[in-house]
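One chain is shown next in structure tokens, namely the form predicted on its own.
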């Protein structure tokens, strides 16, 4: 049982600090010093009510520059996409490819970032002090070729702290994929913070794949700001990991924005996945649509907490939110809490949540037509997940995800 007492993270932070590169430690003196006063989130806090992370206090992670030759072909999805590679949080130029014209890229370790103002926690504090790399990109004009950013963990007991910033210039468009993968099945920690600015009339699509070691802990935070007439889509696929926590915060600051948030989480065993989202409508005449679906097997647990906030002056907002979950075993469970907080009176908003077992009538129907039980379950789960997968604009990436899902649930031979 997770303790509800406030627990200092000083011992955990000190163990990380001891391994942190000395040069970076000196350049971030104040931030490193402040990190010693961070506290572990506990289940007394509403945002962490169903997600306990006290086990991290016993872990000893290290910053490891994995410089060995490594074959990354098994972790890529699109061999024709532009590629940026980080191994254990450190940029690997030798594994990365040339980027298309229109992108201005540099390793974020050379940049200073403003501190996160709202909803700060231990992980954001660790990021401020200990990030070792990440992408700092300005999309100056539209880029047709997708960009894959591979965050690979290798070597065991590593900590990867990355900080990313993406700015889409006015009227530009781009598609990025963040691939969080593991070279082995060891225990490690990934701490990823991303800020995204989508300028006026710009379009940006981000796909995130979390397919990591079954012993991995992953904290992911994405903060997005949209300006007038912009369109933003994010698709998050959480398929493997001991504990995955995704915080997604989107602010609509310009009129006529369009926002799509989709997620698919499929876990089993004793794994845990937690999705917290916030859609903040601050101005009128905007649209947002959120759809998250979960499949839980074994003793897996999940959390969905999605909030749509419509401010007083944000009239004529269309905002929709839905969370659906299928429990494949009696021991799996999900805590779902969709929320609407509306202060405007001329809006169209809805939210909903459903949780249940697999449709027994549909399963019986398929089996009565000669389809085996496992094959029938596969068909039903595929159809259930299809609403999220079919929204992916890149067909090759969608097919790739379907293959990973098949291998994840041992369906390849069904």
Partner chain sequence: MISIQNLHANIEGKEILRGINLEIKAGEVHAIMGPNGSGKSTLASVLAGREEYEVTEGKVIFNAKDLLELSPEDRAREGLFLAFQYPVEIPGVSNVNFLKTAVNEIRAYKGMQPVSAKEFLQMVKDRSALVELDSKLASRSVNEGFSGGEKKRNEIFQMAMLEPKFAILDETDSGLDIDALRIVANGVNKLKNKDNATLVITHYQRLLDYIVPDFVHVLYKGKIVKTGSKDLALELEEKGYDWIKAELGETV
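Positions refer to the first chain, counted from 1. Keep in mind that this is a model prediction, so the values were computed, not measured.
Keep in mind the form predicted together with the partner chain is missing from the figure; the text below concerns it.
The closest non-hydrogen atom of residue 367 lies within 4.5 Å of the partner chain in the predicted complex.
Although the partner is absent here, residue 29 is not a contact residue: none of its heavy atoms lies within 4.5 angstroms of the partner chain in the predicted complex. At the 4.5 Å threshold, heavy atoms of residue 373 reach the partner chain in the predicted complex. Using a 4.5 angstroms limit between non-hydrogen atoms, residue 379 touches the partner chain in the predicted complex.
Only one of 63-71, 357-365, 49-57, 36-44 lies within 4.5 Å of the partner chain in the predicted complex by heavy atoms, and it is 357-365. Of all the residues from 129-143, none has a non-hydrogen atom no more than 4.5 Å from the partner chain in the predicted complex.
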